[in-house]
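One chain comes next, on its own, written as C-alpha cells: the form predicted on its own.
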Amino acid sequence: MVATTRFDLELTMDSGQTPTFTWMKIGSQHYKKIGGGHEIRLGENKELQPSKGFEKQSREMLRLDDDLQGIYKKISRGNKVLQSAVAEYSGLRLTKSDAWETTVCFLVSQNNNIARIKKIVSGLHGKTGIFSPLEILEADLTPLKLGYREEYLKKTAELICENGFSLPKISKLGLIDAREALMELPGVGPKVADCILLYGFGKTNAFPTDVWVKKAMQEYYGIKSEKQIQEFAESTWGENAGFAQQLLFLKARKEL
C-alpha cells in the first residue's frame, strides 16, 4: 500500500493519458482494468490499494517513485502559470503504461472522443489484455467501426510482425530519433509520437502538443508555432517537459 498524500487517482486516471482509455471507472476512486480484471482502488485509510499481484505494476504505471513535489517545484519556479496549475492539480501523476498498449490507444485516438476511444480499446482486449500485434493482424476489426484507423492498426501490426519494426529498440533512442522512428508507423505524426514516447516509454522530455496545449502555449506564453513550442518546452523544462505538459493540458481545458 502507498500513502496517497498529494495524490489524486481520479484526476490522474481521467487526464487523457493511456489509463484513461484502458481502465474503467467502477465507483468513486475505483478503477478496473479493461479485459484484465485488476483493480486499483483507494481505501478509507487513504492509501492506494492495488489488487494482489499488481503492486509492482501499479507503482510503475503511476510513477510513484518520482519525486513529484521536487519536480513540480522545479518546473514552476518563477512561472506563475505553472504555480497556479500545481496548486490546483498537485495530485496529478504522470503515468507510464505498456508501449504497445499506448501505441494502440493513440492510433485509435485520432479525431475521436474519449467515450468512443474507450469502447474501441475495450473491443481490442482479450482475457489477458490488449491484443498483441499478431492478434491485431489476424482479427476481424470490422465490428469496431474503426474507419481509417483500422488500416493504421493493421499496417502497424504488419510492420512489427513481418517487417522487423521493434518498439523495444525505441526506448534506447534519444527523443528526436525515437520520434522519427515512431513516425515511420502509419498514422503517427509528431503529436501521437510524443504521446507514445511520454506515456508508453517514459520519455519525460517529450511534450505532446494537442489542441489544448497549443491553446495554452499561445494564451499563457504567446507562442504559436509547433517549432517554437517544442524549443520553449525543451529550453524551459528540459527533462521534465512532460510533467509541465500535463499541467498545462488540464489548466487549458478548464480555463480556455
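Just count from 1 along the sequence shown to find any residue number. Note that the structure is a prediction, hence the values are computed from the model and not measured.
Just so you know, the form predicted in complex with the DNA exists too; it's not on screen, but the next bit is about it.
Trainee: Which of these residues, 89, 131, 100, 152, gets a heavy atom within 4.5 Å of the DNA in the model of the complex?
Mentor: Among 89, 131, 100, 152, a heavy atom within 4.5 Å of the DNA in the model of the complex occurs only for 152.
Trainee: Is residue 17 close enough to the DNA in the model of the complex to count, meaning some heavy atom within 4.5 Å?
Mentor: The answer is yes: residue 17 has a heavy atom within 4.5 Å of the DNA.
Trainee: Is the gap between residue 114 and the DNA in the model of the complex 4.5 Å or less for some heavy atom pair?
Mentor: Residue-level check for residue 114: yes, a contact with the DNA.
Trainee: Consider residue 185 of the chain shown here, and say whether it contacts the DNA in the model of the complex, taking contact as heavy atoms within 4.5 Å.
Mentor: Because a heavy atom of residue 185 falls inside 4.5 Å of the DNA in the model of the complex, the answer is yes.
Trainee: Indicate whether residue 168 is a 4.5 Å heavy atom neighbour of the DNA in the model of the complex.
Mentor: No.
Trainee: Within 4.5 Å of the DNA in the model of the complex, counting heavy atoms only, one of 24-32, 49-57, 206-214, 64-72 shows up; tell me which.
Mentor: Heavy atoms within 4.5 Å of the DNA in the model of the complex occur in 206-214.
Trainee: Kindly indicate whether 145, 148 and 190 are, all three, within 4.5 angstroms of the DNA in the model of the complex, using heavy atoms.
Mentor: Looking in the model of the complex, the three residues 145, 148 and 190 all sit within 4.5 Å of the DNA (heavy atoms).
Trainee: Within 235-256, which residues come within 4.5 Å of the DNA in the model of the complex, counting heavy atoms only?
Mentor: 245, 246, 249, 253 sit within 4.5 Å of the partner.
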